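Encoded as structure tokens, the following chain is the form predicted alone, with no partner shown.
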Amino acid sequence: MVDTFIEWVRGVLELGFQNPELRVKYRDLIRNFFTAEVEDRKANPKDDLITALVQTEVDGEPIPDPMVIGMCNLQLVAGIDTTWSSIGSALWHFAGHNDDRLRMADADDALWDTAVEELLRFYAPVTMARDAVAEVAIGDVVIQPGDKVLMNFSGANHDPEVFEDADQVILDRQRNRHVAFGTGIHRCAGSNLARMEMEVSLKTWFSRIPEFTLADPEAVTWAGGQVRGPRILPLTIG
């Protein structure tokens, strides 16, 4: 169902970004799909995550169905768009920065480790939202309890008080306490998987296509909103 899943995720995070009706349509498709899957696992357990969630108890009580469905929803939505956005941003960077591309074409594992972290810092794809629980003053703005707040992970990752040369990509940056995956108890549970996917995909790309540049910088398009990344990226190979 990979093509269907991609369509649904794009409908929620990209195509539906400025079209609430479209966003609701795809949100309902995802929820209805997982509602049916949860009911199926109750009747026909399998060796998979949904079955594990259905069978898990907390304080002697099963996890409520809406929470299980929400977890499944998050697995789907958060596991697709965020990863291809970070990989796409990395390719966009290397296609437009020849010196960095040449370094990575012959990089060892140590440089790959720091480069992946730096690309995550610089091109952090996700902006998360929270509901304020207390009154907070930020500059001249007073946030009230119940207000919805967008947390600008990208801005935090470019804070010059935290990062030296914050607006430069430094592939071998050694101190890099970025918040691309959030922080605290709600930090991304899939962060290590995302790192692995990013490193494996980029290493594979460079092993097969070490020479590439932007074919038409003006033709590159980006998705905005909660998840940011390139969507059209014309490249010249070789």
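Each residue number is its position in the shown sequence, starting from 1. Note that the coordinates shown come from a computational prediction; the quantities given were computed from them, not determined experimentally.
The same protein has a further form, the form predicted in complex with a small molecule, not shown here; the description that follows concerns it.
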Query raised in the report: In terms of non-hydrogen atoms within 4.5 angstroms, which of the given stretches 163-171, 105-113, 131-139, 70-78 touches the small molecule in the predicted bound form?
Result: 70-78
**Report entry** Thr82, heavy atom within 4.5 angstroms of the small molecule in the predicted bound form
**Finding:** yes
**Report entry** Distance check, Phe181 to the small molecule in the predicted bound form, heavy atom within 4.5 Å
**Finding:** yes
Requested in this report: May I ask you to check whether Cys188 falls inside a 4.5 Å heavy atom distance of the small molecule in the predicted bound form?
Outcome: yes
Query raised in the report: At the 4.5 Å heavy atom threshold, is Asp65 in contact with the small molecule in the predicted bound form?
Result: no
Query raised in the report: Does each of Ala90, Glu118 and Phe212 have at least one heavy atom within 4.5 Å of the small molecule in the predicted bound form?
Result: no
Report summary line: Assert contact residue (the small molecule, in the predicted bound form, non-hydrogen atom within 4.5 Å, options Val200, Leu193, Val58, Ala52) equals Leu193
